[in-house]
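Only one chain comes next, encoded as structure tokens, the form predicted on its own.
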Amino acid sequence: MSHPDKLIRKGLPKGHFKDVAVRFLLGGGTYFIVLIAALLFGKIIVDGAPVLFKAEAPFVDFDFLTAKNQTLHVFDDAQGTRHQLPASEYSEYLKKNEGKEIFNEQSYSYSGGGIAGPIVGTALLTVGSMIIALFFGVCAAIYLSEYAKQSPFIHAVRLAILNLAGIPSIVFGLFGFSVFVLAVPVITAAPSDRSLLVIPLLIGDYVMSFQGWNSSLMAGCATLACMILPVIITASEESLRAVPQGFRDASLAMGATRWQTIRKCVLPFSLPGILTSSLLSIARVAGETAPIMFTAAVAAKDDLPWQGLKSPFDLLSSQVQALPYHIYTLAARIPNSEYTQRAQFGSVFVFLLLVAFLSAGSMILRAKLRAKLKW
């Protein structure tokens, strides 16, 4: 090889310009999406952060986070000063200034006060639906991965689960309304007039009445759980199947039962993958509006979900506010003006922070669990 440089092809390789064009096209599409997302989140942060944060200590407007949302009253007094007062302060103003005239009065529903009710309702819906979905989802994944024999029926079940993941959320909302709100059986001594079927239980006056749970926290959690079940089942099954078969064989060879093997040798090593599925689901559960519109959410509520209840279990049968539905109400039903922007952008900003904290918590927990596992 006396002249190795001759082996190097001179000039541009064949198809160079096509590769460059494809690279710029794909890169351009990617950065365009990033740009749109940056503009969207930038707008929310620029307009929403001043609502939550302030320049003076303690630098966070805790009143906005802890106060209930109220109607905002905007008016001018006799001196021409413009006032913006939530309903409670507006009533006090009228008492103190009885007899004085006010001018140009306008009111904006849900635009005054804070967003304590929607924050609490969102947290309750998220926690409740995740508990239900993780329990049934992990149980189904264990059965499909560890117990079910491979057959056309099992393949059909897996295909059905995958197809469920693509169904629009509004369909899950209608499903939850027709099943959990109107038709789920309830054991009661006073069945509703709209009960679909009543079965006597021969225990006192109690009957099984197919009358549903009405619009309630329980119905909303069950509907949201159904919506995220496909993601949790699929991700959990893949995580279980990723655990080496040798772990199972070694455990069974030592005399352990199938369930002991799953509980001690398989589940601990699949937990990071299961938490990944929960991570993906938390953000979706917290941000869905359509399913809870029909099953659990209410636009305005005077008390927090647990206030005024006779029993802790009554919490499950009470309606709740939720941040996504609150934002939808503010954006779609309230006239847009400078007086409603505080509630709109502040609610959206807090909602993004809430989703970010929930996701960050799941990621930290997953990282800690993964660090403890040595394969």
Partner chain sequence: MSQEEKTARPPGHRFQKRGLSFDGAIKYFFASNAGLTIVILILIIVFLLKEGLGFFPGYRRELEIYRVAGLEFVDISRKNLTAQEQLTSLLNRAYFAEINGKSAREIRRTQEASALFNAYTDQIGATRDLVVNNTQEGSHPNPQMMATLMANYEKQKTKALSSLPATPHLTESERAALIDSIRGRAVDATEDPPLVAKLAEEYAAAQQKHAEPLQAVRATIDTFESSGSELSGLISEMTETVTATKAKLSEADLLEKDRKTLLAAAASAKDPAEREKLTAEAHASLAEIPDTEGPIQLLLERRPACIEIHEKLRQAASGIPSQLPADFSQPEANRLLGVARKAWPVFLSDLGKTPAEINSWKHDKPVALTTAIGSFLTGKDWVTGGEWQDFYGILPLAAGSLMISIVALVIAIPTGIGAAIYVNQFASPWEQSTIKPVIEFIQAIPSVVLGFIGILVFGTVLRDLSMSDSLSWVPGFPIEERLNIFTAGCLLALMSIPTIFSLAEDAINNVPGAYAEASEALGASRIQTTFRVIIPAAFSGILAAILLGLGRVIGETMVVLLVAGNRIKIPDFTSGFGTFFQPAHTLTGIIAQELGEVPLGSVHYRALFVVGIALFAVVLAINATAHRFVNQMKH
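Quantities reported herein were computed from a predicted structural model and do not represent experimental measurements. Numbering follows the first chain given and starts at 1. Superpose the two forms; the largest set of C-alphas matching within 1.5 Å is the rigid core.
Although it is not shown, the form predicted in complex with the partner chain is what the next lines describe.
- Checked against the partner chain in the model of the complex, the candidates 192, 169, 71, 84 yield a single residue with a heavy atom inside 4.5 Å, and that residue is 169.
- Site annotation in the model of the complex: the residue of 242, 120, 174, 127 reaching within 4.5 Å of the partner chain with a heavy atom is 174.
- The three marked residues, 64, 89 and 364, fail to reach the partner chain in the model of the complex, with no heavy atom of any inside 4.5 Å.
- Listed stretches are 112-120, 301-309, 89-97, 132-140; the contact stretch with the partner chain in the model of the complex is 132-140, by a heavy atom cutoff of 4.5 Å.
- Residue contact with the partner chain in the model of the complex: residue 58 places no heavy atom within 4.5 Å of it.
- Contact between residue 331 and the partner chain in the model of the complex is found at the 4.5 Å heavy atom cutoff.
- In the model of the complex, residue 51 stays away from the partner chain, with no heavy atom inside 4.5 Å.
- At least one heavy atom of residue 344 is located within 4.5 Å of the partner chain in the model of the complex.
- For the stretch 238-261, the set of residues having any non-hydrogen atom within 4.5 angstroms of the partner chain in the model of the complex comprises 245, 248, 249, 252, 257, 258, 259, in sequence order.
- After superposing the rigid core, the Cα of residue 307 is displaced by less than 2 Å between the shown form and the other one.
- Core-aligned CA deviation for residue 40 between the shown form and the other one: less than 2 Å.
- Annotation for residue 26: C-alpha shift of 2 angstroms or more between the shown form and the other one, rigid core superposed.
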